[in-house]
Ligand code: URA
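What follows is a single chain, given as structure tokens, in the form predicted alone.
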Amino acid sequence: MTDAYHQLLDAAIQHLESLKARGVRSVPIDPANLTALARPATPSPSRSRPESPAPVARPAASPATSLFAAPSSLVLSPEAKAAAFADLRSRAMACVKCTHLANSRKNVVFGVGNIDATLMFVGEAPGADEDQQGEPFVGKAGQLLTKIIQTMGLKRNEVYIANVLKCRPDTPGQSAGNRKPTPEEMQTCIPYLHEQIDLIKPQVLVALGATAVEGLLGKTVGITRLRGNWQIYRNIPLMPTYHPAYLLRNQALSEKRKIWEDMLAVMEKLGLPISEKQRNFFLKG
């Protein structure tokens, strides 16, 4: 089997074990998908395989009792979804996988917003303000992000905001400033974000800044080349754009317009109404 197959299988098993731990005893599955799973795999034409006996027909399992549904097809009741999110939060809040981060943090910054949101923003990691308050994007960059969300015609509590890393990267010997999270730190922490995405099921993801894009997509090419170009992450359209902190450093209308064009594309993808005033923001008169 391919590496992709084993990665998918491991992810499915991990997801099902998580559901079992939360008390879920059955998962609905589409009968057509169940039939497809029962079919023998088609051998790759590039490899010769020894002949095997014809598969023995098995009775189809009842969809109501099957535990093997693709995670993306799982639909929880509002109560079960809230309970699953609460369980995920409690596990993240108690996490000590990165000992150096657990020892230096003031708060785990889990995420904030509507767990039924159609739009989800993902940043790289908490800064000092976020670590202090336990909420993502509350400093100057966060205030600008809130303004961007409002300019889109939405409210901050209508979207969901999270980071790849849930703890502020430690800065030993420094009294101020932040540092970029390491690939190892992001790799260790990102399963929490994956569970958040899988539970929320947003229609669109927005990656804020180069480090967030690197953590999500593994791409280290410049954000200047990636921004504005749709990507796919966990089967969800993802828009890479500049981090709001970039606009705090560069106040040029041309740069503000670039981020706004990305948000217009997001609004179009979500089917949100766009006024002429919104379309013309940051354009020179």
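None of these values were measured; they are calculated from a predicted model. Quick note: we count residues from 1 along the sequence shown, nothing fancier.
The protein also exists as the form predicted in complex with this ligand; that form is not presented, and the subsequent description refers to it.
Asks: For the interface check, one of 80-88, 132-140, 100-108, 185-193 should have non-hydrogen atoms within 4.5 Å of this ligand in the predicted complex; which one?
Replies: Correct option: 132-140.
Asks: How about L119: is it within 4.5 Å of this ligand in the predicted complex, going by heavy atoms?
Replies: No - in the predicted complex, heavy atoms of L119 and this ligand never come within 4.5 Å of each other.
Asks: May I ask you to state whether A125 is within 4.5 Å of this ligand in the predicted complex, using heavy atom distances?
Replies: Yes, A125 lies within 4.5 Å of this ligand in the predicted complex.
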